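Given next, in structure tokens, is a single chain: the form predicted on its own.
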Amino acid sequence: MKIILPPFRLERYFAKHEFSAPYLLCSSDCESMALQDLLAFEPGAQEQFLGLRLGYTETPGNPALRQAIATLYEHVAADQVLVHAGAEEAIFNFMNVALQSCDHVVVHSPFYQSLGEVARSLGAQVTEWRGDPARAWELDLGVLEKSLTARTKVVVVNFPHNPTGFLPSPKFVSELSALSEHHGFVILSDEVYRGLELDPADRLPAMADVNPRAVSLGVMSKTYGLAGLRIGWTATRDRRLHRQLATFKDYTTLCNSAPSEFLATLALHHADAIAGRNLAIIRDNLDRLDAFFGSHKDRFGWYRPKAGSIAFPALLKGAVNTFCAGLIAETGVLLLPGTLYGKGYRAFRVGYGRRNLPDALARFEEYMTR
């Protein structure tokens, strides 16, 4: 069956604006760094990098990189990690391996489009499991249970959540895992913002640690701000599923970039320092956003997220598409309208993981006062 995918609304929006808008206030990633700054973390790293051989790499990923990734988990070993070209390839490969046209998928929504559309393109039925905007986008496990059918093969979750910043409790995660065991569905857990909890005590266990059949999805782009490396991964203790994913990867990227794998390994050796730097930026920017939205309560609905680098404030008056279009046209400040996630989202995504937020917010404030 030929795979037919609709245009990726969010990515087409960024293709139009990301490299021309002067002020990005909706970026999903954290502050990046120069290559020389990353290499400076370890003595001799620059010499090793310059001496790197540019041949093929191992299909599962460099052993040193997989070992570094495994340290992010409690019960996942290096040979249970599969490195991909970013999270996007990992999502595409997982859906193609895990699903058939007769299957049913439940997706935590609003969702990054590929988490649902790839499944739809394969002929699977997709049901959205929507968070409640009146309760800070909280999910209800009772709603999930009512959505399950005999054909439900996969449930997709995203914690911390893009775009709302929702973070559930450990009890919620445990109960979700129990439902998986009882009903037999696989959990695909998008955890690309894990490590950006404002309070480390709020950090959830990785789903691959909690559930032996679950798949945890990670990437260098968000928490570490290294999107240009194009390195993502899946982690699962389900050896059969892991083998299937590795076999399918032979038809996509086959193997990863040797320079990217070297740099990702180096970064993960200093994961706490890099994430800590980004958390400092996030805390400072959230204080600024608290003040901004607090002074415009008649126009926006705002709550301070517990984790991640993005939030989804509501627009209380007017059409969100018109509002975002007017803002970029008059100020050069780019917000992402919630309609790009689907119908019915009268909100916009704001990103606060980058150092240039004060400049963008100042222009946003001028626009609001006018």
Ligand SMILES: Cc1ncc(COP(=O)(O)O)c(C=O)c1O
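Don't overthink the numbering: it's just position in the shown sequence, from 1. Given the structure is predicted, the values throughout are model-derived calculations rather than measurements.
Another form, the form predicted together with the named molecule, is not on view; read the next lines as being about it.
Taking non-hydrogen atoms only, Arg194 never approaches the named molecule to within 4.5 angstroms in the model of the complex. In the model of the complex, Tyr73 stays away from the named molecule, with no heavy atom inside 4.5 Å. Contact check for Ser28: a heavy atom falls within 4.5 Å of the named molecule in the model of the complex.
Within 4.5 Å of some heavy atom of the named molecule in the model of the complex lies at least one heavy atom of Ala87. Here the marked residues Thr223, Ala311 and Arg354 all miss the named molecule in the model of the complex; none has a heavy atom within 4.5 angstroms. Contact with the named molecule in the model of the complex, judged as any non-hydrogen atom within 4.5 angstroms, is confined among 186 to 194, 207 to 215, 120 to 128, 254 to 262 to 186 to 194. Shown without its partner, this chain lists Asn162, Gln80, Asn285, Ser177 as candidates; in the model of the complex, only Asn162 has a non-hydrogen atom within 4.5 angstroms of the named molecule. Scanning Val173, Ala98, Ile91, Leu289 against the named molecule in the model of the complex with a 4.5 Å heavy atom cut-off leaves one residue, Ile91.
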